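This text opens with one protein chain seen in two forms, each one given by itself as structure tokens under the names structure 1 and structure 2.
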Structure 1
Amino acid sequence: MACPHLSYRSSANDTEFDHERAYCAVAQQFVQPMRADICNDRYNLAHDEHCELYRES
């Protein structure tokens, strides 16, 4: 199950992106692809175990 705090956005403010970017509601910022992999529980990672932001929320 993916992190409930992660969403993908195709724009921010007045800027449109070429592709959707991962946004973390806990950090209130766009995150790097590796962080999104943790959020999506890829590569034997688990957001509830490996993400310090999720654990602190």
Structure 2
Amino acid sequence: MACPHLSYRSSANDTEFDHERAYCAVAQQFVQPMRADICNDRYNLAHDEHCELYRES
């Protein structure tokens, strides 16, 4: 299950993209692609184990 703080947006903070990209509500910014894999619990990654933003939220 993906992180509850994750959403996909094409714009935020005066930045726009052609595709929707991973956005973190805790950090209030678009996240790095590697971090997006953690947000999505993709591969062998898990947001509740590997993301300090989720763990501290």
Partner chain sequence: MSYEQYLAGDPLIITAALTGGVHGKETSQNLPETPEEIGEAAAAVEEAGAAVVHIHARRPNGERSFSTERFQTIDDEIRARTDNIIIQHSTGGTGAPDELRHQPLRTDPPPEMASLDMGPLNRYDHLTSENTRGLVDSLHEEMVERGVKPEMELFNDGHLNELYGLLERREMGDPVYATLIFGGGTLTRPRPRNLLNAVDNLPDGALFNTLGFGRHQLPLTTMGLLLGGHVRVGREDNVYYRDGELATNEQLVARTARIAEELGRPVATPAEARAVLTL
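Remember, predicted model here, so these are calculated numbers, not experimental data. Between two forms, the rigid core is defined as the largest C-alpha subset superposing within 1.5 Å. Numbers given to residues start at 1 and step along the sequence of structure 1. Only residues modelled in both forms are compared.
Comparing the two isolated copies of the chain, the second one is the form predicted in complex with its partner chain.
Superposed on the core, the two forms differ at Glu16: its CA moves 2 Å or more between structure 1 and structure 2. At a threshold of 2 Å in C-alpha displacement, with the core superposed and only residues shared by both forms counted, 11-16 is the one segment of at least 3 consecutive residues that shifts between structure 1 and structure 2.
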